[in-house]
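Form predicted on its own, single chain, as structure tokens, below.
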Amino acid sequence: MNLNLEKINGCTVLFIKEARIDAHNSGELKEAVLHLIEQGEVNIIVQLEHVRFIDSSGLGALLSGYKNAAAKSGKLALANMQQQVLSMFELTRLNRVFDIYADLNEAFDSEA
């Protein structure tokens, strides 16, 4: 899975450079997020600008990261979500669980 990390404004931003998060790569995403949390990076923003499709395993990987960050008094938020991906979050009502931001600036403003 093509992932890039940047530390911006005290948050770890995980840029996903894939068009799909599905059963083929969601395990890798889950492991990457858990590794970050284990290293003490508990305030994570997942940037989803390039993702056009997510299935239940991808949702599960993000939810796992959310729960693990929360267990360490952290937060996993989502940003730059395309409409078709947002529709999956709305359909599963996960939009009520995650903080979802239009872009990184909005995410940083809410963290301040």
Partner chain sequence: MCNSIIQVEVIIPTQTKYLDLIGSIGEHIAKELDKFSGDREALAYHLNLVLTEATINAIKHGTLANPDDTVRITIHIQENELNIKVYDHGQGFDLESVPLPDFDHPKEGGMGIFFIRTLMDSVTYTRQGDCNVLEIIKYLS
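Since the structure is predicted, the reported quantities are computational estimates derived from the model, not experimental observations. Residue numbers count along the first chain shown, from 1.
The next section is about a form of this same protein that is not shown, the form predicted together with the partner chain.
For residue 99, no non-hydrogen atom is located within 4.5 Å of the partner chain in the model of the complex, even though that partner is not displayed.
Although the partner is absent here, residue 60 sits close enough that one of its heavy atoms falls within 4.5 Å of the partner chain in the model of the complex. The shortest heavy atom separation between residue 64 and the partner chain in the model of the complex is within 4.5 Å.
Although the partner is absent here, residue 84 is a contact residue: one of its heavy atoms lies within 4.5 angstroms of the partner chain in the model of the complex. Only one of the listed residues (55, 28, 49, 41) places a non-hydrogen atom within 4.5 angstroms of the partner chain in the model of the complex, and that residue is 55.
In the model of the complex, the residues of 90 to 106 lying within 4.5 Å of the partner chain by at least one heavy atom are, in order, 91, 92, 93, 94, 96, 97.
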